[in-house]
Every structure is written in C-alpha cells, then in structure tokens.
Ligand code: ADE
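Take a look at this single chain, the form predicted alone, given in structure tokens.
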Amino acid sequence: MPIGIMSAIPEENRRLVEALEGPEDVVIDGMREYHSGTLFGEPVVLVFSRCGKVAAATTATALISRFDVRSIVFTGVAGSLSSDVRVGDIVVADRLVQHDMDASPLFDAFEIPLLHRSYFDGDRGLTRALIAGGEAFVGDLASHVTPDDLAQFAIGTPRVSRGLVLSGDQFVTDRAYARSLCERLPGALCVEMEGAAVAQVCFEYGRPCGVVRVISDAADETAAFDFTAFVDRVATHFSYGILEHALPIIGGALRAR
C-alpha cells in the first residue's frame, strides 16, 4: 500500500514529481492527475488537489478508495497567526479545525455535524516523522534554497513547531480577521485552506493523516504578494527537503504497525 502525498498547487510538489522513480501518470474522473511510483525508497501516489476544502476532500477520498493509500501527508504553505511563527518556519499539525464551520445553534461553532467533534488530530507517528524531517531539512537548508531567495524573505534558521492549524475556504489577507481567528481559537499557529478537510476524510476512513506547512506570509494585507513569490521560489524546495528526510521514517513506522 502506498503513501498518499497531497499539495494544493503544482509548485508545492513539483520537485517531488520530478524525483519520482518508475512514475506512472494516471488521470481519473475528477480532473486530477495522480503520479504513482517510488520516492525516497517508499511507494507513493503524488497529486495536487487544487485549493480549498472540497477539492482537498474529494482528492483525499480518491487516494483512499482508488489507490488504497496507507496514509496521507499534506504538504504546502500557510499564513502565520502567531508572533512565534515567521516566514520560512515549518509547522506540523497536531490538531486541525475548520474555522469556517458554524452550524450553530444546532451544533456548537466549529463542530462537524453528526461527528460530535470539532478538532481532528494529526497522527502521532506521522507528526513525529514530519517534525524530524523538518529539523533535518533545516540543517541542510543551504543545499536546497539559494542565499538570495533566503535573503529576499529574511529567512535565517527556520524553526519547526507543532500545534493547532486552522483550515477554511478563505485566503486570509486581513490582519483584523486573523486576530479574530486567534481570539476564537486560541493557540492557533497558522491558517490554510485544506488540512482539516483531509484530516476529516482520514478520520472517517480510519487512515493516518499528517499535515506539514511552511509559512509563506503573515496572513495580512501583504499576503498575496508574499504568497506568490514564496511558492514560486521557495515552497517547492521545502516540501522536497522535508519529505526526503521524513518519508523513510513514515514508511518504517507504518510497516511496524
């Protein structure tokens, strides 16, 4: 059984696709192209889901139902919600929540109707592996990202953090709205558009899920400019470098279960 690896946009997994050994491109219903093969010694299926929770959930479901993946790892970028998390830092989700889910007064805010839960946990084994992969990548950063690109985004030595990740169908570019998210969901480290939806699918199918994000912007009025440049010049190298170190650990942990 392979490991599913998802990204929301092609640039986030471009180097991973290029590094795939024995690739087989499979296009199926849903306008998704799935790349199967071996990556860093592990059987994988790579796919970019497109942006947003619906796109991510349908892609995750296809990975499980059509390719029978053992687990799913989502890698990509996110906007910071914490002063402790800066551009270039790496965040691994230990919990995820859909910040735009609100079926009150029928259910509590953020609660997924009929599942009786608001938060989804990142799998502990995948979380540990992604943290280890992030830390190893930081030690090898200079071999992946050019000094000029690091300087453009004022990236020194990135920090690797674990914590709460928020997902919603909004690209957050308003400082006041970002503050309101932090007030409603204390402890949030970053915000993105897919992770919690993938975590919900994995929860319902009983498959381990891990989410790793590199911070591309401050989720404020400068986010659109920072995001575009960062994804184009930096994000793809982070995804490659983190998974280069993490995938063998993930594969070993899954085989040991």
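In this text, residue numbers run from 1 along the sequence as written. As the structure is a computational prediction, the values presented were derived from the model and not from experiment.
Separately, the form predicted together with the ligand exists; it is not shown, and the next lines address it.
Screening 60, 39, 191, 212 for any heavy atom within 4.5 Å of the ligand in the predicted bound form leaves a single hit, 191. Residue in contact with the ligand in the predicted bound form (any heavy atom within 4.5 Å), chosen from 64, 45, 223, 55: 223. Comment: 214-222 is the region of 200-208, 66-74, 28-36, 214-222 lying near the ligand in the predicted bound form, near meaning a non-hydrogen atom within 4.5 Å. Though the partner is left out of this view, residue 185 does not reach within 4.5 Å of the ligand in the predicted bound form, counting heavy atoms only. Interface residue remark: residue 90 is not counted as part of the site for the ligand in the predicted bound form, having no heavy atom within 4.5 Å. For residue 79, a non-hydrogen atom is located within 4.5 Å of the ligand in the predicted bound form, even though that partner is not displayed. Contact annotation for residue 172: at least one heavy atom lies within 4.5 Å of the ligand in the predicted bound form.
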